[in-house]
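Below: one protein chain in two forms, given as structure tokens, structure 1 then structure 2.
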Structure 1
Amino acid sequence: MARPSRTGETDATRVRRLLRASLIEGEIPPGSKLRVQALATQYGTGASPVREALSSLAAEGLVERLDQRGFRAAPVTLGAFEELLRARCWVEELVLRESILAGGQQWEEALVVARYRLSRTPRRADPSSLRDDPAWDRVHLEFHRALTAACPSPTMLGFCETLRERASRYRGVALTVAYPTRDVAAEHEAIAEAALARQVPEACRLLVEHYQRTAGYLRLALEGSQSLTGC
């Protein structure tokens, strides 16, 4: 039965999209088992679309497939996190460089807008919450995308996006500690400033430091919480 959602989107594609978001956002914790029947019921469809979605997410690395034993959300480990961070710094540095070199007026203006929006959005709606406001998450993501958007290689930008998604799965795990005081807004400002001034080495240095600082806190939280095995 090709039961169309009227939008042309198939069940498999829809489930893939929703599952993907749940995994990236951390709503589905790393390492947890993904039972086909349960997901089918949850998303109001059958086993086939769910299996297609899971297969596709497995190819992407968000899900692990164990032949004959089903699927589970890809587990996270401290080692994988360190490795991911290193790869991210290398790639983001490269992509930022090429973006600055290739960026024209359109890129500059989009970056200015993204920076402005980020500066105007409070990080936490409720200051007592440990979790960032979804609206801030969005503009923050858009800011980082705007920085590298002019890199003339969709392949590299796609790889960046993949790494970003993988990294975001670690955030939920690390919610156990309050982050030390740190002026993230000023870091973003400085990066944007250097990028707009076309100061390649300075911008790259600041960006990498920005990532490593964030990662440093995350690392502490991960080590403390011991919630990394996902088992």
Structure 2
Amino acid sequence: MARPSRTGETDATRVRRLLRASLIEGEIPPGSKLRVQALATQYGTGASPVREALSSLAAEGLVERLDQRGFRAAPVTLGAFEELLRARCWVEELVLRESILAGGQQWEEALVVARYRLSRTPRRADPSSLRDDPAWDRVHLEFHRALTAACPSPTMLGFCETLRERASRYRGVALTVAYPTRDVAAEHEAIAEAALARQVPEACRLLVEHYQRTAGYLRLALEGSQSLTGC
């Protein structure tokens, strides 16, 4: 039985949380072999909690179980990415619509604050880096959450969060793609303005275009191979 930690987490739960974050953030490249004993040493636990965590992540689709050969990080494929994009656009368009219709003054104020923080945070502290600055990542996430926060359906908001996390994994493996002509800040401003003006169809259209534009760059990184196994 997995023992609980001082925070109340079992070893299996802790390993799953940490390993899941590493997979989603691209720290573990797609297709990488996940060796139970090496992970047990890394996380300071036994083999059983690691196997339990890997089995749980396999059920989520982030890990693949190999017959008689252990586990590996799930590969990234163009087909899976396209399906994820469609699902994300469908769900978030609906959730944004409901958020705008239900949002009151508190929602407006939170969105204004999130927009301001995003506009004041540099995307990359080092211009030569291909990785977004963690501070920008945080305020970017807060902005998108603020847009949909007033949706009255916790279930739909949960779907949004799951799809957002899965999409971030694709961003993590497409670090070689540059955005030379794209004005992301202007896209965020336009979405926020339409949402605050209660222009529901326009806000939804701009949000979907925002994701599809990002997808265009990601496709450039993925089309070199139908299965991407690393950066």
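Counting starts at 1 with the first residue of structure 1 and goes up one by one along its sequence. Computed from a prediction, not measured in an experiment: that's the story for all the values here. Basically, rigid core = biggest C-alpha set you can superpose within 1.5 Å across the two forms.
Here, the chain labelled structure 2 is taken from the form predicted on its own. Once the rigid core is overlaid between structures 1 and 2, G61 counts among the residues whose Cα shifts by 2 Å or more. Shown in the overlay between structures 1 and 2, fitted on the rigid core, is a CA shift at G26 smaller than 2 Å. Core-superposed comparison between structures 1 and 2: the CA of A195 stays below a 2 Å shift.
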